[in-house]
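Form predicted alone, single chain, as structure tokens, below.
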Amino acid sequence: MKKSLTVFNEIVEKLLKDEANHPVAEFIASGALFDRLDLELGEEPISDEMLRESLEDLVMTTPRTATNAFFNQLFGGRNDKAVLGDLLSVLLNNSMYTYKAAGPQVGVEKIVLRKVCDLIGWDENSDGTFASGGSMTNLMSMLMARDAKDNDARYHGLSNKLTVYTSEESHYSVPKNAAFSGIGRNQVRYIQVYKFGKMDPEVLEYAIQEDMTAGNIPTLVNATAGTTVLGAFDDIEAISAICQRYDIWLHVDGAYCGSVIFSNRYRHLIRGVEKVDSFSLNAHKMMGTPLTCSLLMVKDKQYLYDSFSNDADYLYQTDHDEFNLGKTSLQCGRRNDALKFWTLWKSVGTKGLEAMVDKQFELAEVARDYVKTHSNYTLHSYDDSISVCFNYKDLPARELCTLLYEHSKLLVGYGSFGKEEFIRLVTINVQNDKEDILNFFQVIEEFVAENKSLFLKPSSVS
């Protein structure tokens, strides 16, 4: 183990040094991947030195998600305290389904969940669990909504036509989860959004009334705190009033931006969250922990037990259910994702987490100001979002993003809303500063100026 840790430290040291000078890794086209890297698995063992060389080459050519040139996804950066917690969880290798297997680590998870419940404003009857990502927390909320509406579904299968409501800009997992849950993809209603991507409550209520008239049973409304493209926040208070009126489970998918709950300044974006039935956030996004760290919170913990508990004498042999976390989880074997978030939270305090959230909005404001004050740019997003969407010189967004990637300049993605397609900059890396955001735009401008001929050729991007 000591020898392997030495190799690990040496590779990490080389990576960190190289990242400082080359924030984007060497581009390897997928068609050349197996020629460029030694990824083959043989019958015979190889030497430690050969293994080290293969590992080093692999690490050095892997996309660098922690640098000031990575803006491609809804995560980024590298918080050293959170990394420390994650490395310890790997070394300890506990599974979080029983107290016997996880011991004090159960307490780590429970205290994190309790603190988040307190921030939401829920009482001691609330609880939560960790899952492998936002898609999973959305699935679990749908299963609880299904079981709350049709208790027999868990035992006999669905016998009613249940319906689910979500905005046109919601996460792509919603229809998949409808298929998994037995509700069905065709029973998902996509609700129209306002100009900047917020669900229209009036259209939602009309759709619910239509379904009730048709004999369907409205079951779940999936609201969003931070839509994937524009970073929009649905109006929780207005939607909550509708859900209460028609007895519908309300879940708020805050995987992207639910962490605004830590900020006194931006918490207003999820005003009314204490009224919902379930709420999720991904600490590996705004909180910057290593992947994955997804929390699902439930106002009434009994629903977790009703939908996910199953007795197993070979597994649950000690202590009571409250400390056997497998009773409230969709998974059985489950890695310890709480420790990295706990380590971060313990080190910086709740005020430190608040500062992280606030800084992301400050960086977004820097980016929006730059776009607004430079005539070659067109802004397609709005205030109170950490997604800054824009076009530069009317160049095709997907072509520009692809060329920046292939030339190892920047990793940034594109998105669309309505008829517009644009570059989407997310300011989610709190290790970045104002200078890094300004440098982002400088890299784009210099790249376009130096490679005008690339934009005159027919695009290879399909």
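So that there is no doubt, residue numbering starts at 1 and follows the sequence shown. Quick caveat: nothing in here was measured; it's all calculated off a predicted structure.
Another form, the form predicted together with another copy of the chain, is not on view; read the next lines as being about it.
- Taking Thr213, Gln302, Asn93, Thr373 one by one, only a single residue has any non-hydrogen atom within 4.5 Å of another copy of the chain in the predicted bound form, and it is Asn93.
- This chain appears without its partner; in the predicted bound form, the one residue of Ala241, Leu88, Leu379, Val203 with a heavy atom within 4.5 Å of another copy of the chain is Leu88.
- In the predicted bound form, Thr65 approaches another copy of the chain with a heavy atom inside 4.5 Å.
- Proximity of Pro45 to another copy of the chain in the predicted bound form: non-hydrogen atoms within 4.5 Å are present.
- Although the partner is absent here, Val252 is not a contact residue: none of its heavy atoms lies within 4.5 angstroms of another copy of the chain in the predicted bound form.
- Contact annotation for Tyr414: at least one heavy atom lies within 4.5 Å of another copy of the chain in the predicted bound form.
- Heavy atoms within 4.5 Å of another copy of the chain in the predicted bound form belong, among the stretches 244-252, 69-77, 272-280, 195-203, to residues of 69-77.
- For a residue to qualify, one of its non-hydrogen atoms must sit within 4.5 Å of another copy of the chain in the predicted bound form; all three of Ala179, Val229 and Ser307 qualify.
- Heavy atoms closer than or equal to 4.5 Å to another copy of the chain in the predicted bound form belong, across 186-204, to the residues Asn186, Gln187, ordered by sequence position.
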